[in-house]
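Shown next are two forms of a single protein chain, provided one at a time as structure tokens under the names structure 1 and structure 2.
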Structure 1
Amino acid sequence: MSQPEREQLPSRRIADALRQSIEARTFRPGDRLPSERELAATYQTARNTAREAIGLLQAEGLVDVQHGRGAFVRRQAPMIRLGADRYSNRVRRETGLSPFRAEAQRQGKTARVEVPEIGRTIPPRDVADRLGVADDEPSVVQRVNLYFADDEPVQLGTTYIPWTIAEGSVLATEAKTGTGSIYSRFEELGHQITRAREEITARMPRPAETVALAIPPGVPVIEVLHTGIDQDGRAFEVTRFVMRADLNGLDYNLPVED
């Protein structure tokens, strides 16, 4: 249809040829592509050039490369497959992001939470804006949660609480809550959550996230910025959830107006 004919760059030529072969299912999901040296030979280029072509496909998420084994066509198109055998976060219209433990149980997975980091820090600007605190001094307590389903890391949550609220309470230093919801702690402090706002976007993972969540190259993350609002209408807690975009999605049904 609309493929640009004026391709001359060798690396693109190779990448395009391979991409077409993949789309035409000449190479099927799981198949091994020709090795870099083979490609270089058949296309009369240096191995570097063939290598770059594969790098392009890898960046597109079409191909997985394994050291010593080869480059393989990705098994599934980057698409949500809710209800697949892997744990999937879900965002629901009714409740927003489902609480992790409940959702894991619903999907028949074991749930575990680690707290790799907790302490007083300078908040990122977006968080400071929403909490109404300074972004140039340690005005919040930050708590990082790493969520595991069946011992696979699936979600990263970073909760920010203004220091003025957390100060003196167990929230400031407590390393683990175990099974308890963090909201019950707030209630002990006289903060009852009444509303929440959730902002959802997507971006590429930071290096630390790539490691913590074992994110393959070329896969973006979905970021949910959750703002808890108390009975006085004040934002008193912000949590940033980060999860692999290829295993998660938002799914909602709605009546149509207009």
Structure 2
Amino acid sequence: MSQPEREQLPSRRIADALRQSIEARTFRPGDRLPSERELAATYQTARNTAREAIGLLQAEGLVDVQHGRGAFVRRQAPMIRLGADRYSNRVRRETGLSPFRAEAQRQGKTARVEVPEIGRTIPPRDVADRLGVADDEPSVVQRVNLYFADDEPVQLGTTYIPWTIAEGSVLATEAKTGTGSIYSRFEELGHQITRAREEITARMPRPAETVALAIPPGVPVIEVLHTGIDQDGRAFEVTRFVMRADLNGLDYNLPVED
């Protein structure tokens, strides 16, 4: 079937009209769209056709479908990852907050972090390569974090720390690591973050990520592979962040090298 023919499908015509109304802000974030019955009557189609149209918009990430209540225009209020200063030692010392909590505070959001898992483990190969540790033995401590902004899950972060650094410290055992979070504990152990490398990709979420982050259909994730580098040029931690693309944005202000 050609593109023009696909565009003439009744469900696509309804979806196109609703999309235009959303983009024109006739329907605003949080507004309820007309019901399937109302859409079917307006466009003189079957309710199944109207349901297919709503499904197309849901797959595009424009609407949320709530069982028994209807379809609502998705609110877009992303957490912005401020790459230029999120790991600032000055900000951490002045606020006593972790990077995520400091970002949330600056953006008027309430932060919460759950740590469902801490343990010694064998690292993934890409993590082992960046840390310079073995990938065939439990050479790292893994800390799994689930981040919430205003009680909505927005990202997963899995941090890997060489066992030679974490052994005997709260980094290897405790969910709460104290004022300044893990970067203050790293500094106490002789590893002050002076540089960060962040490799950014996008993909569709895996099943466990969909559940943990309550990701609606059609919404991709941003994956940030962060490597913290200390004053001696040594990589001392790697964190894989998986972020809902509809609830997160990236903002980097970087110097240009000669």
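Bear in mind that the values here come from a model prediction, so they are computed numbers and not experimental data. Superpose the two forms; the largest set of C-alphas matching within 1.5 Å is the rigid core. By convention here, residues take numbers in order along the sequence of structure 1, the first being 1.
Chemist: Out of structure 1 and structure 2, where do we see the form predicted together with the DNA?
Modeler: Structure 1, not 2.
Chemist: Under a superposition restricted to the rigid core, does Thr227 display a Cα displacement of 2 angstroms or more between structures 1 and 2?
Modeler: No, its C-alpha moves less than 2 Å.
Chemist: Once everything's superposed on the core, is Ala46 shifted 2 Å or more at the Cα between structures 1 and 2?
Modeler: Result for Ala46: yes, a 2 Å-plus shift.
Chemist: Is the C-alpha displacement of Leu18 equal to or greater than 2 Å between structures 1 and 2 once the rigid core has been superposed?
Modeler: True for Leu18: a C-alpha shift of 2 Å or more.
Chemist: If I align on the rigid core, how far apart are the two C-alpha positions of Gly61 between structures 1 and 2? Answer in Å.
Modeler: Rounded to one decimal, the shift is 6.2 Å.
Chemist: Once the rigid core is superposed, tell me how far the Cα of Arg32 moves between structures 1 and 2, in Å to one decimal.
Modeler: Shift of Arg32 at C-alpha, rigid core superposed: 11.9 Å.
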